[in-house]
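Presented as structure tokens, the chain that follows is alone, the form predicted on its own.
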């Protein structure tokens, strides 16, 4: 793993349609989060370009017979694709590091291996999941058959671009679909290159298309396209709501929405406080809190609150920012100047509402969009820092006396994506997993593992449906019931 000079990289202004790069006028200036310097531009696909991509994907699906191949052939093609991504890990990581908030070390140690694993994981579902024979009367034969949807429209966020692309592409392709993917306009380049590698792997040209652009124009056109049979989106709750409204206007179709979160980490007095402090600090520092599952609401029992907070403050102190292309960098910048301002504005509003700053509370000096790891105490349930998804390295502290109060504080009026729970009491742990309102609950740890069999998805405004796990594969196929009369 080596540092590199970002000036030596080329970033194409293009879409990937029909198995090749299609040049397009540059429209959106992109700036490197690490130093604020302009480095590339992103085209914006209009409805005509989106139509071209969807039509090419639909034609490629029909011509190649991808959805009707012997399933093991899809498995083998996806494995070859994963092999190529693994072989090209460093070039892909460099493209991503410059544009995104992900340090090169984090990409090579985590994001790229996870991306490869996810593709291999879903590749193996192609010939292992099918329909069901169901019990009927003796004079009939009943079964449930499954089949691909056709063209899936997928939209991914900027915070983990490659692994989020794998979330969408791998299960849909393994299930026999084509995919038109719109990555975030801020971080599109590694995803484009990954799509190029798919053709080298033997996935039919056109079955994967990547269109660049923003949400209001490109994303809206993709979601509303009549030949897109299913939509899969990861991003903010507001954007997810806009997609639902779009579908209500333009045509009903199934969707998977993995949306925002404001996840609690509940710590009881009997917990391993060293483990809890390390886990909670890690959640705040990881990608500078720019993750939908970031556990940025600490809910701690009063008798251990002081000791735990001290342990967290010790672990987040001394953080040094650095450019994402430096192999020594471990702390991420905020993705843009606008988002940096938003993080700071929410912190300031929380302080105005009575919060106490125990650490941080302001942008870091120097180049780039870095925000100091921040801890806020004395926050009420109606504080902006509690109610709003900050998407930055900001931890709030709330204190409880008993289990019932802990559950009340952990519950959020809008979100229910994930929750952390720290206790040595097994009965309490199992009891609380039933009471906490979240689609994922981690006990005595926090954050996703590389157990891709575990699905992810939220309650309330945190989403509909699941990514990862067998649920994601099954959600990429539709079912039909068949009843045959035996005469």
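All values derive from a computational prediction rather than experimental measurement. Numbering follows the first chain given and starts at 1.
Below, we turn to the form predicted in complex with a small molecule, even though it does not appear here.
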* With the partner left out here, if you bring back the small molecule in the model of the complex, are 122, 180 and 206 all within 4.5 Å of it by some heavy atom? -> no
* Asked: Is there a heavy atom of residue 409 no more than 4.5 Å from a heavy atom of the small molecule in the model of the complex?
  -> no
* Asked: Hey, in the model of the complex, does residue 233 get a heavy atom within 4.5 angstroms of the small molecule?
  -> yes
* Asked: Quick one: is residue 258 in contact with the small molecule in the model of the complex, heavy atoms, 4.5 Å cut-off?
  -> yes
* **4.5 Å heavy atom contact, residue 111 to the small molecule in the model of the complex** => no
* Go through 387, 239, 377, 192 and name the one with a heavy atom inside 4.5 Å of the small molecule in the model of the complex. => 239
* Here the chain is shown alone; which of 331, 325, 369, 391 has a heavy atom within 4.5 Å of the small molecule in the model of the complex? -> 391
* Only one of 170-178, 377-385, 156-164, 264-272 gets a heavy atom within 4.5 Å of the small molecule in the model of the complex; which is it? -> 156-164
